[in-house]
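Okay, here we've got a single chain as structure tokens, the form predicted on its own, with questions on binding and movement later.
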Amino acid sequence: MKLGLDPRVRLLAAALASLCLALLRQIPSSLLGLALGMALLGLVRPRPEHLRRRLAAVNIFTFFLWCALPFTVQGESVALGALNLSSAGLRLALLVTLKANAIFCVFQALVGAMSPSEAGCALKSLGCPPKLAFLFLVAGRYIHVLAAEWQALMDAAKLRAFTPKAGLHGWRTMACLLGLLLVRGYDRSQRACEAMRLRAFTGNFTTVTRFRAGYADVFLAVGMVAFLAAVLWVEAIHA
């Protein structure tokens, strides 16, 4: 479901929430932050297949933390069968997992459904440097072009009986494909630049999009600030 909210308010709310959640050090406040993210996701109702794939990518990272931190962080030992785990390491892994999932849920709910052009216009309206906003827009547009070029190169290699695998031939072929991708990307950027100059592009990004904040945006901002204040209060009383 697409939110009918001002993209500027959504970006600011997501940035403020991520900053507050990243600074948390207590489990109860992190759980409350995760509840905030899940509540926002429940309101937005994103597509389940996209949510599962992105959530899996986030938790693959945290899985490696669970494999390393309980054995490397010093602290009181906890016996788990034949293993001696550090309670401080377990707590740290749990804390990072909760905060990572909370920040992901907040960004997925508020920013995930935002198109690159919409996000770029919102960044410029918030005072982001024009060149940085323009770079974001171009990257959002042409990353799909580069992905299509890479897929075409891989298909051509597979038609010539190439199988990606570890080995001298495999690494050499992949290096050649990456080099071809860089060359094709450069050629495509030159053609895009010439096309933009023919359309009177002077290096400054201009847009006719105008954002207007409404009552729903005020409600989101006030609600987000109030909930984050509650999270920080829980953090303070458990410190």
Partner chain sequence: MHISEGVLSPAVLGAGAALTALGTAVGLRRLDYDRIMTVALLSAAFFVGSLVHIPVGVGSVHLVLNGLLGVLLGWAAFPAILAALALQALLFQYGGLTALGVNTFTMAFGGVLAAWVYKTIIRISGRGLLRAAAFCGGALGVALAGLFTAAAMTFSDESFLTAAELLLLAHLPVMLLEGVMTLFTVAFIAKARPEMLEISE
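Numbering follows the first chain given and starts at 1. Nothing here was measured: the structure is a model prediction, and the numbers come from that model.
Heads up, the form predicted together with its partner chain isn't pictured, but that's what we're talking about next.
A.B. asks: Tell me, which of 90, 126, 152, 96 has a heavy atom within 4.5 angstroms of its partner chain in the predicted bound form?
C.D. replies: Contact check passes for 96.
A.B. asks: May I ask you to state whether residue 39 is within 4.5 Å of its partner chain in the predicted bound form, using heavy atom distances?
C.D. replies: No, residue 39 stays farther than 4.5 Å from its partner chain in the predicted bound form.
A.B. asks: Is residue 201 near its partner chain? Define near as a heavy atom within 4.5 Å, in the predicted bound form.
C.D. replies: Yes.
A.B. asks: So, in the predicted bound form, is residue 179 in contact with its partner chain at a 4.5 angstroms heavy atom limit?
C.D. replies: Within the cut-off, so yes.
A.B. asks: Within 4.5 Å, heavy atoms only: does residue 65 come near its partner chain in the predicted bound form?
C.D. replies: Although its partner chain is absent here, residue 65 would touch it in the predicted bound form, with heavy atoms inside 4.5 Å.
A.B. asks: Where, within 144-179, is there a heavy atom within 4.5 Å of its partner chain in the predicted bound form? Residue list please.
C.D. replies: Sequence-ordered list: 146, 147, 150, 164, 165, 166, 168, 171, 172, 174, 175, 176, 178, 179.
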